[in-house]
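Taking the form predicted on its own, here's one chain by itself in structure tokens.
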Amino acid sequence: MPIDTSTQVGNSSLQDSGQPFLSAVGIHKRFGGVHALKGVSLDIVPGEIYHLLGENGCGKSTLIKIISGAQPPDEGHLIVAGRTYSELKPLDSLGAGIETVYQDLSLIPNLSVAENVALTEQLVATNGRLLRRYDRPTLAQTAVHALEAAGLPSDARFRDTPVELLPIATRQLVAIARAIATKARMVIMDEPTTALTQREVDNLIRVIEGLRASGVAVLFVSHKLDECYAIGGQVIILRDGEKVAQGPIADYTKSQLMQLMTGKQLEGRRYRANANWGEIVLDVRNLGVAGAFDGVSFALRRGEILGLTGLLDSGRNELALALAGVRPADRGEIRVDNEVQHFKTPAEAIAKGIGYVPEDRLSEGLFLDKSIRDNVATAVLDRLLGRFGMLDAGKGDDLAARTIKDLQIAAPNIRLPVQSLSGGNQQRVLIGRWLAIEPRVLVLHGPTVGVDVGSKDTIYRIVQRLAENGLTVLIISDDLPELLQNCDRILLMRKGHLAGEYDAATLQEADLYHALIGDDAEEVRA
């Protein structure tokens, strides 16, 4: 609620004077015994880009929710365009020109692209109340402008498409277009590049630069430091609920940023060393799925870590699903330990030792309201039966306890719901579920999506240890440093076919990037 009613200053005059558009002053927030924010203060100036960095659980999401009006602070206040608030309501935040693109996008699946893009503007104009008939001509006009600014199609066919029919990467850009449509004065982007390919990230960077040039402040949350450097601007670093640093991102090295975020020194070198491969475990021959990919062949040996990358239309995702039995191949064959398999269901793949960690752990992997124990045990319930065919709770407890220890999951109790954990710990629970089946091959699809740098380091070290102990690993990712640091070989897919094979130890990131987007004149083969 407003504390005073001092005159609001226009965005252009704020920018000209260098005055902050938004100031957070001494913000505290507690959840039970957890002190999530501890006196955080910061200024956001119009026409500037800020990167909000920190490990999962450091308070980033809580701070964003307070600024967007989703939660009130316990102490402290906000000053927005010269007006002081003890707390913001969502409509206060939107009305002041603050637009937030959350990780879950907050789009309405059964509404069209145009409706999702332009409705917020009409909601603000009517103080949260829509009439029975909204202004469709204005809605269409607003949508066209915003979609073009976000680099999306603006024709009537695309505008009328229900959002639920779009791929996740396109939905991400639609959510960003919505922020543009509101003529926002400050845009908060919470990990906006999670589902985007490098080409789409490049487009987003151009969108952000356009916002900055027009005097809009951008608060950008990401775990991908290379993207932050590419965008430029200021960096704000939180650790354990406190602001520990702020300044131009160019003044910090990557290792300095990681140390500030985690409180410890993390190495940026290759994790993979002294690979010792054994016999062929997985042999894929001329595999294909109609309309997705065709003629894909490769072999994986015991203890090998193979990387697979490509743009979203390359067929890489569909290949992962075929190996897991989620989307069965309609031609070619998969051999496990030299036995031909035709996986029609995930259960068949699991029975032959294929563990699959999906790309989206929240909607495809975890049972968020269930305990750590229940999530880990899901894939091996038949092994946890007692004498009379009933589940043996003790066996489940032992399995969960071993998983917490082996995968370094930060949780005091195996009965805690998974949704109470940070992103990195959630991911380790999901990996633990598939390690419980004692797989021959572990397929990791985007293994560190939405995971902070400290948890990435932990996950990478776990994967290396597993491979050293003889597990065969396939990593599917568009995080190029992740592949180069962890893999022995990298396969590149383009338009449904394998387009290159590379030695990860000698390959440069720039060369892999150019090959990924199709800029290279000829492939560099290992």
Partner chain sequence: MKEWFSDRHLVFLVAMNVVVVLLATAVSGGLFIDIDNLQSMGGQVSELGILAIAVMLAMISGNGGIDLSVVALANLAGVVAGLVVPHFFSPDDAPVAFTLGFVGLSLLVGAAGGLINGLLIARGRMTPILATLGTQLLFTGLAVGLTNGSAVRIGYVEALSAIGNETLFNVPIPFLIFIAIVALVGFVLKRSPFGIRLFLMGTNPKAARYAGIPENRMLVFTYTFCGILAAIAGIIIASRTSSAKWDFGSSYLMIAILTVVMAGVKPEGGYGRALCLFFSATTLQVMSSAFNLVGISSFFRDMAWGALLLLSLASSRFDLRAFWPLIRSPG
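Numbering follows the first chain given and starts at 1. Owing to the predicted nature of the structure, the values given are computational and were not obtained by experimental measurement.
The discussion below concerns the form predicted together with its partner chain, not included here.
Note on the partner interface in the predicted complex: the residue among 290, 340, 213, 390 having a heavy atom within 4.5 angstroms of its partner chain is 390. Residue in contact with its partner chain in the predicted complex (any heavy atom within 4.5 Å), chosen from 303, 358, 76, 233: 358. None of 278-286, 452-460, 363-371, 76-84 except one has non-hydrogen atoms within 4.5 angstroms of its partner chain in the predicted complex; the exception is 363-371. Highlighted residues 326, 350 and 378: every one comes within 4.5 Å of its partner chain in the predicted complex, counting any heavy atom. When its partner chain is considered in the predicted complex, residue 382 lines it closely, a heavy atom lying within 4.5 Å. In the predicted complex, at least one heavy atom of residue 434 sits within 4.5 Å of its partner chain. Its partner chain in the predicted complex is approached by residue 321, whose closest heavy atom lies within 4.5 angstroms of it.
Interface membership of residue 346, defined by any non-hydrogen atom within 4.5 Å of its partner chain in the predicted complex, is confirmed.
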